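Quick setup: one chain, the form predicted on its own, written in structure tokens, and binding and motion questions come after.
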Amino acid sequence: MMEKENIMQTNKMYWDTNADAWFGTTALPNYGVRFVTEDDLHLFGDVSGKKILEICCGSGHSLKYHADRNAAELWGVDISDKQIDNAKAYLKENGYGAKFICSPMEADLEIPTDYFDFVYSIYGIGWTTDLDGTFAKIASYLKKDGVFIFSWHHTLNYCVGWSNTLRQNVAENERLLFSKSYFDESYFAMPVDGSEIILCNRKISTYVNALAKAGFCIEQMVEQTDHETMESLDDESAKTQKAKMLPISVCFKARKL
């Protein structure tokens, strides 16, 4: 198995180099690409007066979303110095501020315990190299009955793809093939933007069991493609067709017991 430090350093280098290219993408109210939004789900509800921590805060757009809705206190954690710089600048431009920590989410951080009403992560939690440890830390940051919300790639998204041969025949577009085992949770390097990232593809049960181990009760799990995609007649888009047949993203809402 790859060394955790090597994985984190590789991923940090990617985000430090490419943060600007992802500025403002996959942020609230969006939970993922071709996925239902917070406007549909209302997982957070009224956040006015609430203390909120974002794990993998990226460019700060989700923090601004909560600031616009009168959250009382905002914190953000990200492994990338460049992401933190972008988030600070973006919030300042919009008249807001937050407390930022540049660090891996797996580290022992100077974050108050039993303090936050919400901890959340939009397409960030899957970068952790220690799921159990990260969930345990998140639980410690939350007040009793505090809420943890996170979204990530659905496991099937990385397991299933179009066959190049089948894709040449429009009449057979309804067919998808398993390209890797659903049970394979080993780490893999993936080339992106002339660089590479290192990820693993965890089973849904791995997330469920890690939440339970950390003392969370799952209130909602969502794996629903958005209405616009489901009603689309764009048969030429492989991504759209795939999203009509299986979930591209998944989102959990869990409460600390």
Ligand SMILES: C[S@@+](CC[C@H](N)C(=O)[O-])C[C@H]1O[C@@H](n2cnc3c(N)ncnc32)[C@H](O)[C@@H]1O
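The shown structure was predicted, so the numbers you read here are calculated from the model rather than taken from an experiment. From 1 onward, residues are counted along the sequence shown.
Form predicted together with this ligand: not shown, discussed below.
field: All of T26, S103 and Y123 within 4.5 Å of this ligand in the predicted bound form, heavy atom check
entry: All of them do, each having a heavy atom within 4.5 Å of the partner.
task: Tell me, please, which stretch of 75 to 83, 89 to 97, 177 to 185, 136 to 144 lies within 4.5 angstroms of this ligand in the predicted bound form when heavy atoms are compared?
output: Only one stretch passes the 4.5 Å heavy-atom test: 75 to 83.
message: in the predicted bound form, does C56 come within 4.5 Å of this ligand, counting heavy atoms only?
response: Yes - in the predicted bound form, heavy atoms of C56 and this ligand come within 4.5 Å of each other.
message: Is W127 near this ligand? Define near as a heavy atom within 4.5 Å, in the predicted bound form.
response: Judged by the heavy-atom cut-off of 4.5 Å, W127 is in contact with this ligand in the predicted bound form.
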